[in-house]
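The chain that follows stands alone, in the form predicted alone, written as structure tokens.
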């Protein structure tokens, strides 16, 4: 009987783990010694970093979506269904469609989701760029913007941690190119004592906000939205009035976590920070946004974690070698600082980030990566 690797999730982490493992185990799969299956509730893949550009009409939404099957290595089987429950004792995953999928090794890469329903009124009167549909609606709202008060409010935790800063700085630049900046009052709110949880990003953002006349409200945890009066209330008692409300809703792990005894609070999976195994289960790994690790929920983190997990899985499925590759908390994030310049941060568990001076060349590198991401996802570069 072949050894079975099952990956739950057809996003960045799930596809990269499957494709990297398939390249390392190609011969064994073709000899029917190993089976690799991806279980995904979506049969199309959406490039989420593109949402930010869609909001400013800088990318066509149609260019962000591709069929999952076109992105998978040929030896990987794809099952289009939703995982409903993980039974770690019997080593099976039950799907919503009633299928029971057995595994010897399991990778949970179910990502995260926005939870606007946690803040009363948020879903009724706010815009966001954390879904493709939301980014398109926000694009329409911006195109109709003629002035007034724009509030940008952030809930935590959330994925793509620098995106709220990017959106704010891009909005400033976008408004200037349209001759609207003098008619806009921009306010950015954040739940902790600074503009970002990463100190270097906070320091950079606060200096940029001051230079660009962007108001900053810290210790602002969204509590409710007065949809009639257009006022955002915080748990701390602070109010921000708005004509356009752009939010980053708090995120939670996929609902599968709530149906599984494996996940902890918020539906995040307790994950070993080195080998990325779900705690208490040597044959189950968690990758990407779904972990509870103290790292950014970002595409680059999913990428670096996928390399570690896939390398270890190749060893386990080839000759039973115990995992030897470790994850060091590596992350890399571009930061758009306008429409023509960008910077970045690169860090890990031991080395905090610094923020280089923004430049046109870094912006160019970011735009280039938006194009080569597809090859990177397929593990061909």
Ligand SMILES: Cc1cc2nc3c(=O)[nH]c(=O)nc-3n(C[C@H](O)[C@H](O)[C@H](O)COP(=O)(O)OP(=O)(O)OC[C@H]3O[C@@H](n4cnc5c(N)ncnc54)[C@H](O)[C@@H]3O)c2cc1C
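Residue numbers count along the first chain shown, from 1. Not measured: the values here are computed from a predicted model.
We do not show the form predicted together with the ligand, though everything after this point is about it.
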(request) State yes or no: in the model of the complex, is some non-hydrogen atom of residue 160 no more than 4.5 angstroms from a non-hydrogen atom of the ligand? (result) yes
(request) With heavy atoms only and a cut-off of 4.5 Å, decide whether residue 300 touches the ligand in the model of the complex. (result) yes
(message) residue 91 versus the ligand, in the model of the complex: is there a non-hydrogen atom within 4.5 Å?
(response) no
(message) Under a 4.5 Å heavy atom criterion, is residue 35 part of the interface with the ligand in the model of the complex?
(response) no
(request) Can you check 137 to 145, 103 to 111, 196 to 204, 215 to 223 and let me know which stretch has heavy atoms within 4.5 Å of the ligand in the model of the complex? (result) 103 to 111
(request) Work out which of 165, 154, 308, 83 lies within 4.5 Å of the ligand in the model of the complex, going by heavy atoms. (result) 83
(message) Just to confirm, with a 4.5 Å cut-off on non-hydrogen atoms, which of 338, 49, 329, 61 contacts the ligand in the model of the complex?
(response) 49
(message) If you apply a 4.5 angstroms heavy atom cut-off, which residues in 12 to 38 are near the ligand in the model of the complex?
(response) 12, 13, 14
